[in-house]
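Next comes just one chain, in structure tokens: the form predicted on its own.
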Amino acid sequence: MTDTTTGSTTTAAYADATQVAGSGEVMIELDGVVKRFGSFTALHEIDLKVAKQEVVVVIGPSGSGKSTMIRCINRLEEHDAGRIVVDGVELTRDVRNIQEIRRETGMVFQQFNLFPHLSVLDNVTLAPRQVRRMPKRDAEALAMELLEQVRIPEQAKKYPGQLSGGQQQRVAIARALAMKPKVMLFDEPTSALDPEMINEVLDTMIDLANGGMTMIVVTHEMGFAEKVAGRVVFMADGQIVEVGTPKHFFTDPQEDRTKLFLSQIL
């Protein structure tokens, strides 16, 4: 792995990125993943392992490949080279593999992507009923349990347009959880929110992390990273530049590119 600032090989970052916490079972593995858009290479041979129940926070400047990396994990983007394995299933062009991985992987985006013509309850129950063939009564019971978990059960009968941005994002989280995923991917889930709504979404994510959910979170919320992350991954120019614990990142980052980024946002 090459530091794009100095041209040197960042072997320490490479080693950390490919080792899971403790002796934990590997839930997600990226091995030499490359993604190109035409002549532009968005991901340069990404190597990363995430353990079961581990929370990995990915930070970096805009255009560094953070969102592209997690979008490749559930095939919203097709990688051009390398291997992606989720819970023992390799992501290939086989539709059955793609469907299996998507069933086990929930994703929350910057935008909420709720169906405006459906109530909150119907938004949350739609996928379990259609994909997992769950009976309506069971799906609604599960939905209410999840809305309680994200702290908005009283909003069940409302429509998305009647909710605040923070409430809509919590509905989106509940919707993803309704498929009972083993992995949750978050792509800057608070970036579209007003500042006063950010904490209510982060609190929900903290609850998930404390409950043992395997999570990869792309975010600029350094407080969340410091409080919840098992490891922090810093990306720049489509590469993993440095990996470490929150304490490492916020007290003793090693790479010049990391230090520059942190000096600009902290």
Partner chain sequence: MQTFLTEDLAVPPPEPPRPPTAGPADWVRRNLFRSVGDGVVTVVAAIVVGFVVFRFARFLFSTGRWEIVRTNLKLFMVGRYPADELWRIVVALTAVAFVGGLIAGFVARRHVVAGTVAPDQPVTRRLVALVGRLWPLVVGVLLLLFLSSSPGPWLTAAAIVVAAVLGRLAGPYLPRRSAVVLVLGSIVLAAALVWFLTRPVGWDRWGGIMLNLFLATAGITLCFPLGVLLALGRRSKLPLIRAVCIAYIELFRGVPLFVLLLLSAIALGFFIPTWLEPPGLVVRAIVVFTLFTAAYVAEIVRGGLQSLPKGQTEAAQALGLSPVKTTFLIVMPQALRNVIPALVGQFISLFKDTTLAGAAMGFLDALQVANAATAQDAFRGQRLLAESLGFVMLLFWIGCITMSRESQRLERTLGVGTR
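Residue numbers count along the first chain shown, from 1. Worth saying up front: this structure is predicted, and the values here are computed from it rather than measured.
Omitted here: the form predicted together with the partner chain. The next part is about that form.
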request  = Answer yes if any heavy atom of residue 83 is within 4.5 Å of a heavy atom of the partner chain in the model of the complex; otherwise answer no.
outcome  = no
query = Does at least one non-hydrogen atom of residue 102 fall within 4.5 angstroms of the partner chain in the model of the complex?
reply = yes
ask   = Though only this chain appears here, would residue 74 touch the partner chain in the model of the complex if you measure heavy atom gaps against 4.5 Å?
value = yes
message = in the model of the complex, is there a heavy atom of the partner chain that lies within 4.5 Å of any heavy atom of residue 161, even though the partner is absent here?
response = yes
ask   = Considering 156, 142, 134, 126, which brings a non-hydrogen atom within 4.5 Å of the partner chain in the model of the complex?
value = 126
query = With the partner chain left out of view, which of 193, 184, 114, 121 would have a heavy atom within 4.5 Å of it in the model of the complex?
reply = 114
message = Among the candidate stretches 43 to 51, 204 to 212, 221 to 229, 66 to 74, which one is within 4.5 Å of the partner chain in the model of the complex when only heavy atoms are counted?
response = 66 to 74
task = Decide if the three candidate residues 107, 175 and 179 all line the partner chain in the model of the complex, where lining means a heavy atom within 4.5 Å.
result = yes
